[in-house]
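Shown next as structure tokens: one chain only, the form predicted on its own.
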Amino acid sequence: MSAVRFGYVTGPVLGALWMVILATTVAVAMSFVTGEAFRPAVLLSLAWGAVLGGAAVYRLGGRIGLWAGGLLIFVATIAGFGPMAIEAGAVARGAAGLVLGAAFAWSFGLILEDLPSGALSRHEFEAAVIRFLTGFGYIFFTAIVLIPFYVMVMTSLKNQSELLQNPLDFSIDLSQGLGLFRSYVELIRDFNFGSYLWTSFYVSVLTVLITLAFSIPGAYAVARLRFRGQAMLSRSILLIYMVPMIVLALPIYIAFSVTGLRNTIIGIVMIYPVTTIPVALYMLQGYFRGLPAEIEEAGLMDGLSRLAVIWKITLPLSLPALASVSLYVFMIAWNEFLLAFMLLDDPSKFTLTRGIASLNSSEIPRQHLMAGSVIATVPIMALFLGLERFMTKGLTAGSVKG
């Protein structure tokens, strides 16, 4: 058996690596929150993690021993020889040490999960490594998502003098009260951002309705009906996505300019569904194929027409797919930028993304651009979280009663 597959080796190695990960995470988080200088001390992190990981494997105090180790990390951080190098006051040191110590004691206990100190079976070794990698994945992908959003929000709450004084300080002064939101007020009052928001909303809703109106019968025909070229049509639905939109930009611009549709909302509402109908067709035809055909056949035998079967049977059973497709199409239309940037020049007709692009100017303070980005991001996040259950809930259960 490899020497690595012994608890007295695996524990300290995982402990050392995990301490470096946590120290880096806490240092970055504290730097963003406080604006002070925090950084991981890599060598000390490795040493602390190896010692505490070895102690945990040998069951020195069990779970209480891990929390005692967390307390030692807290004390060492305050004293200046902990896993982080901190150039800040005592309060910040104490907060960082407390967070790091508690995080290590709790999370590393989950990673070890009664790992023995002696020889490990293959299952025990792999389970410990997988738990370690899972924890790292949670931290890494959470940081990728949260850090840009945090920077965007904090920047939008700054004023111009604060940004000029220290652009990398992402802490906020809560003593300003409602004054923190001055950028949002100025954005709505001075930059006509409410109009951009409304335009994007109804353009996105119209795009969803038009897309569903064309994709539902099209997807049903591909999934249920038999006709010449059905297989080819089914396979070629997504071929449009093989052509980059930037290649089509010039022909679309010329065509819309000649027909007078450029710089009009009607033109935008016409072109957006062209980009969303293929993916809606692909998603819906796959879902329709998964529905029990016996239910529709029973409806036809009861005298319903094909359209009545679609309306009364297929669509109610397809609500999860319809919700998923609607949300996806809405997000595409809400976030679309290239076509709006190319076709819209009149500020009174700007969509949200086009309006945000107009804020990207040296004459407009950076906090207004970030506030506009927050306004564009939050509604779509709320919509996704609100409709997520409809995307995953199966409504076909119990549709066939026997």
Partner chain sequence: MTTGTPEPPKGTTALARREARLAYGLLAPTLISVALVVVLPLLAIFWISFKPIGLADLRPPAPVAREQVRGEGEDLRVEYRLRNSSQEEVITGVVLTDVLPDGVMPSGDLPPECALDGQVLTCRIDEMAGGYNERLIVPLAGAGDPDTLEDAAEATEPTVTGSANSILTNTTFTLENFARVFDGDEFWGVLGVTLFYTVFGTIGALLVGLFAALLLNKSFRGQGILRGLYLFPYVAPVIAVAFSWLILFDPFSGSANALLVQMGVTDEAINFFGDRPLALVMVTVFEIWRYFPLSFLFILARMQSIDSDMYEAADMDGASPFQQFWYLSMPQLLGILSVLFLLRFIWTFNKFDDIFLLTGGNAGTRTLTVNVYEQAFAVSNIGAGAAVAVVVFCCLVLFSIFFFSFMSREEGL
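None of these values were measured; they are calculated from a predicted model. For clarity, a rigid core is taken as the largest C-alpha set superposing within 1.5 Å between two forms. Positions refer to the first chain, counted from 1.
Below: the form predicted together with its partner chain, not depicted.
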Testing 194 to 202, 142 to 150, 283 to 291, 72 to 80 against its partner chain in the model of the complex with a 4.5 Å heavy atom criterion leaves exactly one stretch, namely 142 to 150
Residue within 4.5 Å of its partner chain in the model of the complex by heavy atom, from Ile252, Ile295, Ile172, Ala92, is Ile252
Residue within 4.5 Å of its partner chain in the model of the complex by heavy atom, from Pro320, Pro217, Gly109, Gly299, is Pro217
Answer yes or no: in the model of the complex, does its partner chain come within 4.5 Å of a heavy atom in every one of Phe38, Val243 and Asn360? yes
Checklist entry - Should Phe337 be counted as a contact of its partner chain in the model of the complex, where contact means heavy atoms within 4.5 Å? => result yes
Does its partner chain get within 4.5 angstroms of any non-hydrogen atom of Val247 in the model of the complex? yes
Using a 4.5 angstroms cut-off on non-hydrogen atoms, would Tyr138 count as touching its partner chain in the model of the complex? yes
Worksheet item: So in the model of the complex, does Thr353 come within 4.5 Å of its partner chain, heavy atom to heavy atom?
Response: yes
Applying a 4.5 angstroms cut-off on non-hydrogen atoms, the residues of 366 to 385 near its partner chain in the model of the complex are Arg366, Leu369, Met370, Ser373, Ala376, Thr377, Ile380, Met381, Phe384, Leu385
With a threshold of 2 Å on the C-alpha, tell me if Ala79 counts as moved between the shown form and the other one once the core is superposed. no
Quick check on Ile310: with the core superposed, does its CA move 2 angstroms or more between the shown form and the other one?
yes
- Taking the rigid core as the frame, does Leu100 move its C-alpha by 2 Å or more between the shown form and the other one? no
